[in-house]
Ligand code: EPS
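There is one chain below, alone, in structure tokens, taken in the form predicted on its own.
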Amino acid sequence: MLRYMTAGESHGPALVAILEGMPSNLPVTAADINTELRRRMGGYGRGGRMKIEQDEVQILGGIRHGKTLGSPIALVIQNRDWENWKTVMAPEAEAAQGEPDRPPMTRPRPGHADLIGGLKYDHLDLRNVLERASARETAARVAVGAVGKCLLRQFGIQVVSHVVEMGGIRAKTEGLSAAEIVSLAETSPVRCADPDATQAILAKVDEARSRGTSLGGVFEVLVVDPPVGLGSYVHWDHRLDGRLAQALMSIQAIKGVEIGLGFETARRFGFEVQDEIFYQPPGQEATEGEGFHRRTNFGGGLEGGMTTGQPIVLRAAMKPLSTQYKPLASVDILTKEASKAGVERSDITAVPAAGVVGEAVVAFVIAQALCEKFGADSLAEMQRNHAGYVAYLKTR
């Protein structure tokens, strides 16, 4: 089984990821991972932390001479800001005896894990909660997803993302191919493929900054050229749509996920939302594609918890980040007195970066489903099994 675990705190020494189950002989380099880490750090509206960090991965195990070994892969991303937090975040008990560099965090921020995490884990200093709950953790997940993308690349599968809405401003991208979306989004400071919407969003981010508040939005993740039949309908936890939704919902500040038409399907008649099925005999001149095919993709590339072979279309809604530079009402957990919420360094918006994180978690789930379908001891074995499956599908 392909699986991973991350560890580390936002201002601790490093973030760590252990990835287990990747097939052997898969080409992976630090440059593959660092490219994705740099993409995560970008985006208009990011805060001061991104001026400090220069995320780069250290590969400590599982890869030799540019190829995976089949053993667990160990990845480390150093936190450069650790230099400024060595006493506050020191693991040694003695560090707590001196005068604290920063006072304990006792004023929980609405919308964060601060209060509930403190109650659940019996913490009086809420820094014990916020350091791990922080979205800084997603850097480790992006590193894992980058390895997943290396596997998908071997099977001609691409995972991309772009911002489709921020601050109520919607991008117009109808009719654009995935390649066009990537080209336009990657040159936009907010990773939006609509140049007019980009300019309006930039102004909206500036407005949020001037008001001491934050801005949310929606990003879309596309999986291009997945094979037919990843996932399964036979068990609830094998359904790929549920697994993809869970992966996206696990990203900090994500409050909604939809697939294909999503919530719009609830507003239409049944005949308006189904992807009708057509057939073109192989070998004949085809204008739409051979074999079974669709002319629409309302379902977003998934039916019955399985891939249809069409592009997988996923959207995730990110709420405005909870930290406000004009703090909201809160209560001190020690004195129980009314107070303003604590303020931690944050972004005005992280929607563009969240799209990159979305790519990573989706890439991992698709890689996981690919390993389940085609075996995962070695890349060559997976490729043989995949080739045989593709040949079989052509006979249907």
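Start at 1 and count along the sequence shown; that's the residue number. Predicted model only: the values in this text are computed from it and were never measured.
From this point on, the text means the form predicted in complex with the ligand, which you will not see here.
This chain lacks the partner; the member of V331, M50, I59, L69 within 4.5 angstroms of the ligand in the predicted bound form by a non-hydrogen atom is M50. The single contact residue among E207, D225, D81, E303, judged by any heavy atom lying within 4.5 Å of the ligand in the predicted bound form, is D81. Residues with any non-hydrogen atom within 4.5 angstroms of the ligand in the predicted bound form fall in just one of 149 to 157, 164 to 172, 179 to 187, 127 to 135: 127 to 135. Interface residue remark: E36 is not counted as part of the site for the ligand in the predicted bound form, having no heavy atom within 4.5 Å.
Within this chain, R345 lines the site of the ligand in the predicted bound form, having a heavy atom no more than 4.5 Å away. Heavy atoms of R294 never reach within 4.5 Å of the ligand in the predicted bound form, leaving it off the interface.
In the predicted bound form, K340 stays away from the ligand, with no heavy atom inside 4.5 Å.
Applying a 4.5 Å heavy atom cutoff to the ligand in the predicted bound form picks out S10, H11 from 5 to 35, in order along the sequence.
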